[in-house]
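Quick heads-up: it's one chain on its own, the form predicted alone, in structure tokens.
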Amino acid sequence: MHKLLKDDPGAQMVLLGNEAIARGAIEAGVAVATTYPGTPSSEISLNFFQMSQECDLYFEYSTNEKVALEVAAATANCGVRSMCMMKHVGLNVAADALMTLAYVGVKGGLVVLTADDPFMFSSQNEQDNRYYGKLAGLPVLEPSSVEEAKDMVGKAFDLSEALQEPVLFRTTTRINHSTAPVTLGPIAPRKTKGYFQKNPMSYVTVPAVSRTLHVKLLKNLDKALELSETSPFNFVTGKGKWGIVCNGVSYGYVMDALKDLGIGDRVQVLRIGFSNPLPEKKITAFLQSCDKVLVAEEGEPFLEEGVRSIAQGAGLTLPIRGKAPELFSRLYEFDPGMVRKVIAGYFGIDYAPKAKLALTDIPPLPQRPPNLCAGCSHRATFYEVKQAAEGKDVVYPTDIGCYTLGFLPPLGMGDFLICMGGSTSTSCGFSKASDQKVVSFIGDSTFFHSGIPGLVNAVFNNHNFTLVILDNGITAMTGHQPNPGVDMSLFNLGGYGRISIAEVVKALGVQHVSVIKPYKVRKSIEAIREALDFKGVSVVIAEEMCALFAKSVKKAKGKPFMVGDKCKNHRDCVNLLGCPAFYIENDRVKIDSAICVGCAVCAQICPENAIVPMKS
């Protein structure tokens, strides 16, 4: 049995934050869960996926976040508790559905989890999705610890049903990826079937209906404000004339700092866990009891702006600071030392940071840039495109996935990137505005996510570029989740369909479509060269299983390779491919047999045929 399905109330379990969130939803009786995978939220989906194989929970990896939310919106409006998970930028994709769903509302609880990523550990920006709650007029809940995340999810479902609105559950990386002991609660029975009560005047958002629904939304927001005022997630601790307002992981950093600085008896802390709408009366009362206030929050000054606005409305003139060059930054993650230093400086506390450990006798760690895996077929494809395009002036739009790393040397394949699916659409623009050849890249999952519309646009408007679809048979970057092109029999699972990318591309009207096997270098270069010479939209589909996924499903290639005596040490293999299986020892190229997957791409580009399979 999956560990998160154990019905053992009171038992303690050490869980990852994302596991705790999934467990909290199970305890709350979630019956439908949908997602498009994205770090830092991916493990929530993985656990739902695994549990759905053992119980009546319905889970799906949807083609993108908008689709995921729309599926969950329908099930929730049948009265079934539903949850939709995504990383922060995913909410941009789902925003179109979210804004109007706020008007329509829900019957069964619907929790929309958005995982923000301060410091951009695996993201293209640091957007703060609390503003989505304000924009949509929806309640926002934010946990401060792993255990609270588990408990708060259940309350989020209750809140959603009380207001008949979706609830945004906003986490950050440090909550998603921390591990802590959690006390299990009872698992509520799942209601897996509901009923959709037709009422076009409530659900069909033509203008006349929406005007009425907007009134309802604002009334619901007023109810949410009343609940926020009394929510146990908004509480005050400590006493004193100095005040700190904080949320999320910042709360833990603040409490540690007060203890370390020895000022716990001089500072009161207002922790905000129900952050939209802000509890105006509670904040006003807090401000009235303080001489000065500091707002500690990662990301944007969401709380600070709200607290200042409430203070102005109440006629309060005390100092309220948060984001400033000498205080907290809008950039990156917080850490305990930084929070401690800012609190000490703002309140004038004598504070001497502990001397850093002397590390001068320890050599610096070697710099290691991110790299495609050993044997990654994308490396082979990039090399082949570069060979086929030699002598041409080419722009290379790229997309979101492992293959984004192709922009780094020695491959250098990636000139423009803004968002999921953007490579196909921006290729239309580059090809129209420039006489340069345009060759763009997109992964299989991203193609299904949002790449298809750009290709439709290219065919209809008769643009001129080559799209290379890097089909490695899985959604690799986020941890091997399936997408509509994946052979689910590899997971020993039935009941799924499978969509051929080649058939989709042909059906869209692309006139030149070729399928290559990137590990076959010469044939691949010839096929790509023909595609580049085609006038109009051409598509090359590079099919080769992700090397790591192949290992996990026992489909790995043959023996590792080695560098033999014929090697003349010109290092084309290193300088043109940059595979991490290579290393230099005594000024000679070697291959690490422990990570070489035997793809043989390097052997095919070696002029002396010096790279050969190991004999044993």
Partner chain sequence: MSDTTRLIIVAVGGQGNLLASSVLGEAALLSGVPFRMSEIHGMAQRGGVVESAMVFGKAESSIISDGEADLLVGFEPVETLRALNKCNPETVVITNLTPLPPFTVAIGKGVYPPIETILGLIRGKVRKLITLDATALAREAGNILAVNMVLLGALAQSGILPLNVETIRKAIGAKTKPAFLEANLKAFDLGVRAAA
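Note that the rigid core is defined as the largest set of C-alphas that superpose within 1.5 Å between two forms. Numbering follows the first chain given and starts at 1. Remember, predicted model here, so these are calculated numbers, not experimental data.
If you look for the form predicted together with the partner chain, you will not find it shown, but the lines that follow are about it.
For the options P207, P189, P366, G315, the one in contact with the partner chain in the model of the complex, meaning a heavy atom within 4.5 Å, is P366. Scanning E280, D260, E300, D415 against the partner chain in the model of the complex with a 4.5 Å heavy atom cut-off leaves one residue, D260. Note that among 558-566, 58-66, 25-33, 575-583, the stretch whose heavy atoms approach the partner chain to within 4.5 Å in the model of the complex is 575-583. For the marked spot (Q12, I362 and C402), a heavy atom within 4.5 Å of the partner chain in the model of the complex is present in each of the three residues. Using a 4.5 angstroms limit between non-hydrogen atoms, G348 is distant from the partner chain in the model of the complex. Contact between A433 and the partner chain in the model of the complex is not found at the 4.5 Å heavy atom cutoff. Within this chain, P370 lines the site of the partner chain in the model of the complex, having a heavy atom no more than 4.5 Å away. The partner chain is not shown here, and in the model of the complex it never comes within 4.5 Å of any heavy atom of E229. Counting a residue when any of its non-hydrogen atoms is within 4.5 Å of the partner chain in the model of the complex, the hits in 171-204 run R174, H177, S178, T179, A180, P181. If you fit the rigid core between this form and the one not shown, you'll see the Cα of L357 move by 2 angstroms or more.
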